[in-house]
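Here we start with a single chain on its own, the form predicted alone, put down as structure tokens.
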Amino acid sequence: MLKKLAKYFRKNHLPVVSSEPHIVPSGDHPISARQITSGAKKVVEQLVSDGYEAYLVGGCVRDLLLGMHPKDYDVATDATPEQVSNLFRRARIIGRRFQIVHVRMGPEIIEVTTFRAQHSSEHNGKDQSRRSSKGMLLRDNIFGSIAEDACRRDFTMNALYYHPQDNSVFDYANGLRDIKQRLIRVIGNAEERYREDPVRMLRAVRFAAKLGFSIEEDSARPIHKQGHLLADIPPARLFDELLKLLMNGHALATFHLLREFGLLRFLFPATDEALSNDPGYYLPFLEQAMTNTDKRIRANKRVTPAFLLGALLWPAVQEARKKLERDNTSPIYTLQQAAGDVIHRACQRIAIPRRFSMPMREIWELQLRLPRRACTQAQRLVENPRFRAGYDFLLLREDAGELESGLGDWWTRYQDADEHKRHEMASNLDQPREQRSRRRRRPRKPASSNQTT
């Protein structure tokens, strides 16, 4: 078995994984079993007590080694998904391409995966393994040993296994070395691994931004020429990955890396084109949007994807408006037309749900309504459920230099004012001529035919 495994690794430029991993015993690493949640420990203990191998694996081990608090815990085992599901009362198998089991332990959901093995010709065409014509894995349910599973992981830093019962770390791919060197390194041939799953390129960028790591040279080089493979990823999956990229408190660093590796144009092609046309304004605008998002997330404040997506697509909307305004149509009409076109094209790449695309349009339309403040219009706008998002968007545009400062300050003071002061502020405004309501003269009633003279 090991000879066959070694031959496969040499053929595919994968590191030969020994059946005897580098083991770091308790006391020689910073992880303590007390840091592990009770749910994760119970899942491992139950699997082990029933005769299976079980370890914490991947990002949770990496984060604990870095002194970070893991967001969730994953378990790897030699039990099949069906065996895991039968073992736990509150468990369900999810996924077809890559079957995993979600085990609920109180408020926690522990993700349990079966050790994966390498793919060979004997599996092709079967239900366990399928590839597209471009080499992308469409189904990946070949099970094997822990050593084989380590080589099926994406990056060396994620191929670390931790056993909470003896507090030992098992390193199969020199992941500890790369963590010390702050490197993200693909396990195996990077080009082939990216073809298997192009989302790995986005994951490399996300981890580099989040951890402050560098992408190792052989792992970084293929990204520049394989970004087009993202077109093969289902738009719904790309949307999920986008949220992970930009809603983790490191959106600005992620944005810069997406541009550096040429991936932004495959996610938001119209925005990338707008940046090429006018980087002087659009780039500061997007950088400020990412910075504001990071600040709110790190302060544990609420952030809606609709606002961030609205900012990412605003340059494309502005460019589309410029083309439509040549026909001398009304501003609101051109904005609505541009917004519809931009969202339609964006959804062909990334499946933005209506619960986000509709608020985006409302935020954009508020940019034309916020200058109209005279009489009772200001109060009606403040009562609009999207007002706060539209107001924040207005401030963002002013900070980036798209608009002259002043309007945002007026709205800031208006929100802080009492009812009398609000009425005074709105009454003192000179309403734009084109927005003045024109009183329509009521037609006179015709004189009665039997009126006496």
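Quick note: we count residues from 1 along the sequence shown, nothing fancier. Remember, predicted model here, so these are calculated numbers, not experimental data.
Here the subject shifts to the form predicted together with a small molecule, a form of this protein not shown in this document.
- Out of the listed residues F266, F170, F143, F207, F207 is the one that sits within 4.5 Å of the small molecule in the model of the complex by at least one heavy atom.
- Interface residue among D63, D392, E398, E53 relative to the small molecule in the model of the complex, by the heavy atom within 4.5 Å criterion: D63.
- In the model of the complex, at least one heavy atom of R153 sits within 4.5 Å of the small molecule.
- Residue contact check for E362: none of its heavy atoms lie within 4.5 Å of the small molecule in the model of the complex.
- In the model of the complex, the small molecule sits within 4.5 Å of a heavy atom belonging to G59.
- Contact check for R89: no non-hydrogen atom falls within 4.5 Å of the small molecule in the model of the complex.
- Using a 4.5 Å cut-off to the small molecule in the model of the complex, each of D72, R203 and R237 places a heavy atom inside that distance.
- Of the candidate stretches 277-285, 330-338, 258-266, 193-201, only 193-201 has residues with heavy atoms within 4.5 Å of the small molecule in the model of the complex.
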